[in-house]
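Next up: a single chain in structure tokens, the form predicted alone.
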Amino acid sequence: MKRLPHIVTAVLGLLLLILIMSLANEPEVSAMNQPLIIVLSSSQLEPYLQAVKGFKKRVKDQFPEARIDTFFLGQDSTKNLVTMQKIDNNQPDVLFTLGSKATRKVQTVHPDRPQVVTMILDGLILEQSKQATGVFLNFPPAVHLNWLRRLLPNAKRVYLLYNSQENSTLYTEIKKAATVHQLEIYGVPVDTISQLPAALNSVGRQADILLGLPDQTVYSGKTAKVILLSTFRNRIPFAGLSRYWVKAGALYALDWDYHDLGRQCGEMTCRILMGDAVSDIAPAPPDKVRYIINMKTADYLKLTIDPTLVQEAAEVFQ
């Protein structure tokens, strides 16, 4: 009976030790359950920052405990190497990359990790990894033609300049989609820059609109002046590729809601964190469409744009 207090003390001590060990281990268990997401952006320009902001908000809404580490690539190759080494030392649950440069670098560092991508023109880069999905910037042909019809309801003859080796499939898809809107599509192949002046001359005054679509041969900083001058001289509306083309004189362009691009990628990331396989999440175009109009150009071309569409435009150059 005299030894009983010693036994009770020993048992209480053991229980206390177990409790202390349990409490000590609890943060480590929580850390293991905390999702780690690495963001790598090819740029710190405002559109990229907006996409990152939209992404973080969407993920944090569903996974407030998630840890999101953000990195940016710059012009300094030494700093970029240090950044990639930091990423290499982690084992993230998901990688979110913005731009082709960041996407390719991450695919070499963590080829087997789930990757969500945006700020790329098309989904071709995603085909290089079975663990990649995302939101590409190209709008489907049907979207382009729908907005063309809304902004220019009387247009019928639509001309396209395109590199036949790069965009023949896109040209075929546009011709197919045009039947719904009763539009006539005329394609003029431009396989080298030297062929561009002749192609523009062949368009002449026959087109109701020249529809610009992503094409590395036809549309670039080197060709912008020639294209804009030709369409102005022939009074042909030109649908540009971005706000910069519209600011320079194109009639209109479809644009992106960058915050929503991030939100859309955040949706995909949440699905992955919930257990969905990347292969079950198909790459997608943007959910939202913005458009920009140049009313100076519209006035010069003597075009009447629906006032409601002008009012609802994301930006109007007057």
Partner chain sequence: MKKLILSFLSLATVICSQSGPAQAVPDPQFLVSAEEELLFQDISSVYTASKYEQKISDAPARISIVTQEEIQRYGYRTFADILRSLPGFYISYDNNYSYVGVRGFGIPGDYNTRILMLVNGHRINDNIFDSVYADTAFILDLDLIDRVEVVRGPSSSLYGSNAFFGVVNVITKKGRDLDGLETSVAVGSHRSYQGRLSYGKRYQNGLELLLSGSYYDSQGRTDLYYKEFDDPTTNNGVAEEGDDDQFNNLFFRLSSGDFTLESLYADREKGIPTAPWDVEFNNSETRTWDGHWFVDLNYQHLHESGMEIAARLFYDNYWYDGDYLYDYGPPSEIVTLKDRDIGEWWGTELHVSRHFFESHRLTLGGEYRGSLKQEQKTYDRYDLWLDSQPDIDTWALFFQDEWTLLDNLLFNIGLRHDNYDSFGGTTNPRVALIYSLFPETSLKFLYGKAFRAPSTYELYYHDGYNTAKPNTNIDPETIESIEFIWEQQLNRNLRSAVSLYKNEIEGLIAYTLDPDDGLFYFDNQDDVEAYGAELSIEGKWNRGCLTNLSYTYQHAESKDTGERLVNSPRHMVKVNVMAPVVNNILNGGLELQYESGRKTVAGNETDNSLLTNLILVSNSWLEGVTVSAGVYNLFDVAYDFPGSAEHRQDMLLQDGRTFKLKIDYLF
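Residue numbers count along the first chain shown, from 1. Treat the numbers as computed from the prediction; the structure is a model and nothing was measured.
Missing here is the form predicted in complex with the partner chain; even so, the following discussion is about that form.
- Just one listed stretch, out of 87-95, 223-231, 127-135, 109-117, contacts the partner chain in the predicted complex at the 4.5 Å heavy atom level, and that stretch is 223-231.
- In the predicted complex, the partner chain lies farther than 4.5 Å from every heavy atom of P140.
- Under a 4.5 angstroms non-hydrogen atom cutoff, the partner chain in the predicted complex has R157 among its neighbouring residues.
- Among residues of the shown chain, K101 is one whose heavy atoms approach the partner chain to within 4.5 Å in the predicted complex.
- Taking the partner from the other structure, the partner chain in the predicted complex has a heavy atom within 4.5 Å of a heavy atom of G249.
- Contact check at 4.5 Å (heavy atoms) against the partner chain in the predicted complex: none of Q50, M274 and E312 pass.
- When the partner chain is considered in the predicted complex, only one residue from L145, L211, I185, L73 comes within 4.5 Å through any heavy atom, namely L73.
- The partner is not shown here, but in the predicted complex the stretch 159-198 reaches within 4.5 angstroms of the partner chain through a heavy atom at V188, P189, T192, S194, Q195, A198.
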